[in-house]
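A single chain, nothing else alongside it, follows as structure tokens in the form predicted on its own.
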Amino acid sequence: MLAYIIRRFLLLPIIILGVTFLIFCVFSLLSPMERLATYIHDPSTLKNPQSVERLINKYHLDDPFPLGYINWLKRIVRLDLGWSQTANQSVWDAICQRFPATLELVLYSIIPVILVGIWLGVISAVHHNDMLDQTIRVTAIIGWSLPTFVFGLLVLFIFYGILDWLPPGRLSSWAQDIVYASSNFHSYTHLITIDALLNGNISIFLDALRHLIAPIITLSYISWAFLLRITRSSMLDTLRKDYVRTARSKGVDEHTVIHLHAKRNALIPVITVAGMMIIGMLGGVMITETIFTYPGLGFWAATAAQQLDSGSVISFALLFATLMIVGNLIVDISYALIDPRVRLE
């Protein structure tokens, strides 16, 4: 087990290095002038040819490709990601400021994705081809067939446009005054729902939760619909295995057969899909956050792309790729914990 984990950790820096190389290849397609725009605070600086030449030399933007990649990598290691014209602050500060909002949204979305998706997938497989199975499958097919932006707009139209229950944004204006302007509210985690509870302010907690419900529904419904289908297929395949038939023939209780013998083995492929899906949510929030004007990483990245803020877009891609790599490592380790055969390979 330890050797397996060590091997995975040794591969981690190599993979990250390969990803940074590919991202720099895309970045290097821009001209030195365009790349310089990602490092300067005042665009008027580009009007002075002497200043432009001096800054290009300073940031090594005219170096040969290998040397340019090394210098760019050094800045990445120092967390010098450049300047975001969209956020009007350094890219790193923009990421730190917006990441908690996205993390809060994703954390709450994981709950229905994992619990509902796996739970309904197991139920659907156990009740194969009966009315309950058919109902669950139709619900999953509808969810998986709808594009995120279509489903999100439907949720926004119904629950805000018609019913006026679930407003967009992250907080109401009165709650923003308390959270961001009042000295009585302390931000411990920058996750507003948790900070509200830590401050003992239930009204802020309920307001933040009210703003989160619609994005959570949009982000989780399509994901758990897909996870349900994967769980159902894997569970059906496992229930047909010889060891399950043997357990049943020996008179083992059906609950034990399903949850002890079949479910654990059926979850092995599900873990891969679920792990990548959860990490992928951090990248998929771009559409959801844009629809609901939720001020997280996705909304910022979408705005940066519209305004051709290449430094912000490249940094978002780098962050998302790193999270995907780390998530894949966590999935591999989880594989080893659940399936002993992986440890013995």
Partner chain sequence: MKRNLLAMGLLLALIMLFASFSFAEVKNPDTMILATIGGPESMDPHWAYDTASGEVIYNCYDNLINYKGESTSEFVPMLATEVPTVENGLIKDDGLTYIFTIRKDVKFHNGDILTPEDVAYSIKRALIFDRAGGPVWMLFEPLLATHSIEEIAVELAGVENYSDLFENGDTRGELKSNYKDAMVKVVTDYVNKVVEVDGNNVIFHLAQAYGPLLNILAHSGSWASIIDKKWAIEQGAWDGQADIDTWWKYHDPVCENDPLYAIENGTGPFVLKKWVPEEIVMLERFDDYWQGPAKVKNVQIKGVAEWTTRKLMLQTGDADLAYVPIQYLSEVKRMEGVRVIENLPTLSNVVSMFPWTINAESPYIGSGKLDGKGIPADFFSDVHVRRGFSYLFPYDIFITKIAKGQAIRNSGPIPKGILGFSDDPSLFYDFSIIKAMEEFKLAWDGELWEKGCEFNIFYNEGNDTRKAAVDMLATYAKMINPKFKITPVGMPWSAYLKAFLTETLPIFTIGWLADYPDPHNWVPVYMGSKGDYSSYFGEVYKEFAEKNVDPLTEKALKETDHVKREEIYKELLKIAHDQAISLYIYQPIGHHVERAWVKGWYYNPIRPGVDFYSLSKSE
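Throughout, rigid core stands for the largest set of C-alpha atoms superposing within 1.5 Å between the two forms. Just so you know, these numbers come straight off a predicted model, no measurement behind them. Numbering follows the first chain given and starts at 1.
The discussion below concerns the form predicted in complex with its partner chain, not included here.
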| request: Indicate whether the candidate residues F99, V106 and V270 are all in contact with its partner chain in the predicted complex, with contact defined as any heavy atom within 4.5 Å. | output: no
| Single option in V257, L209, I110, I194 placed near its partner chain in the predicted complex, where near means a heavy atom within 4.5 Å | L209
| So which of N199, N265, N71, Q176 reaches within 4.5 angstroms of its partner chain in the predicted complex, heavy atom to heavy atom? | Q176
| field | Distance check, S203 to its partner chain in the predicted complex, heavy atom within 4.5 Å | value | yes
| request: Decide whether S220 counts as a contact residue for its partner chain in the predicted complex under a heavy atom distance cut-off of 4.5 Å. | output: no
| request: Answer with yes or no whether I76 is in contact with its partner chain in the predicted complex, where contact means some heavy atom within 4.5 Å. | output: no
| said: in the predicted complex, is there a heavy atom of its partner chain that lies within 4.5 Å of any heavy atom of N88, even though the partner is absent here? | reply: yes
| said: Under the 4.5 Å heavy atom criterion, name the residues of 292 to 320 that approach its partner chain in the predicted complex, in sequence order. | reply: T293, P295, F299, L308
| query | After the core is overlaid between this form and the one not shown, has the C-alpha of S28 moved by 2 angstroms or more? | reply | yes
| request: Using a rigid core alignment, state whether the CA of L61 is displaced by 2 Å or more between this form and the one not shown. | output: yes
| request: Could you tell me whether the Cα atom of T256 shifts by at least 2 Å between this form and the one not shown after core superposition? | output: yes
| Q85 and Y59: do their C-alpha atoms lie closer or farther in the predicted complex than in the form you see, with a change of 3 Å or more? | closer
| task | Kindly indicate if, in the predicted complex, the C-alpha atoms of D63 and Q85 are closer or farther apart than in the structure shown, bearing in mind the change is 3 Å or more. | result | closer
